[in-house]
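Presented as structure tokens, the chain that follows is alone, the form predicted on its own.
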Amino acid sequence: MRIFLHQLRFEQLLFWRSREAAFFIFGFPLLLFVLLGSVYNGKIDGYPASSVLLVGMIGYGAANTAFAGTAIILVNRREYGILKRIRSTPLPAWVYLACTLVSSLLVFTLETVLLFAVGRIFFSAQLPGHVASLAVAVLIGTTVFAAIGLAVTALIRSAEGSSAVVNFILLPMAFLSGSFGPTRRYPTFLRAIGDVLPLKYFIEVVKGIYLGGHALWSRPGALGVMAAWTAGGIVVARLRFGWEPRER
């Protein structure tokens, strides 16, 4: 436990000392929420538009932090030989990866709290009534997208291309899943693609808890889809994840 806490503290220090990571991973969803919240008004699906947008930003924040952040950080560390050096130390590999993922969870949890604070202060969004269920949903979302992030890390070959590949996946997924607004006016084939993406179902779960007042387990289908994506990500990561640079 002492090794785990020491490495977790180190991961947090690395994250917050990197201004670029702190802004694009942590601050960007907050900025998007303020910008889009200033445009959306009225109601969406019978709920205040700002509250619906808040749910979408929580979904985008989960994918941005746990998926994009994990993939970009690990690919860069692998290609610059950092993972190889860590592998040769007494630090167990599973502890290192667990600390990376828990660090993402801490960042996303703080980001979620700030999203609710910004929504309440600037857009009069309601506060969550089922905090425990929402906390578990945050944990589930982080796990899902961290697993996918590990899988993508195993597939990306270069540090230079990591950001481009990740954003090529992240931004379309966010649009098709409803992070930036309703998707019902999208063409049928785009909505069909969105129907298989894990972000859509994470947003559905958060929306059901936050706006519908439903229990976490009230959407077993959505949880099943997220579980399938998690399992798939873990399988790919176990088969393909490497600690050695691929371009050197």
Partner chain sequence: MSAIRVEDLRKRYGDDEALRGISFEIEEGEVFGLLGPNGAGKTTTVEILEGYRKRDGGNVEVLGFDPQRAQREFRERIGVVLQSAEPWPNLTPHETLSLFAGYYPRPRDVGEVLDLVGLADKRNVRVKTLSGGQKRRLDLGVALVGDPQLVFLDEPTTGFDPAARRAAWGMIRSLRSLGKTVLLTTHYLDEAQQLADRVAVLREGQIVIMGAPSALTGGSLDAEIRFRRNGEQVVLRTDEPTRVLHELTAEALAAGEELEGLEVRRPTLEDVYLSLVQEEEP
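Numbering follows the first chain given and starts at 1. Here the structure is a predicted model, which means the values were calculated and not measured.
We do not show the form predicted together with the partner chain, though everything after this point is about it.
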Subject >> Heavy atom contact within 4.5 Å of the partner chain in the predicted bound form, the stretch among 127 to 135, 87 to 95, 157 to 165, 110 to 118 >> reply: 87 to 95
Subject >> Contacting member of L105, I169, I82, I140, with respect to the partner chain in the predicted bound form [4.5 Å, heavy atom] >> reply: I82
Original post:
Looking at A22, A228, V235, L13, which is the one with a non-hydrogen atom within 4.5 Å of the partner chain in the predicted bound form?
Top reply: L13
Subject >> H6 within 4.5 Å of the partner chain in the predicted bound form, heavy atoms >> reply: yes
Subject >> Close approach of R17 to the partner chain in the predicted bound form, 4.5 Å, heavy atom >> reply: yes
**OP:** Note that the partner chain is not shown here; using its position in the predicted bound form, name the residues of 49 to 79 with a heavy atom within 4.5 Å of it, in sequence order.
**Re:** R77
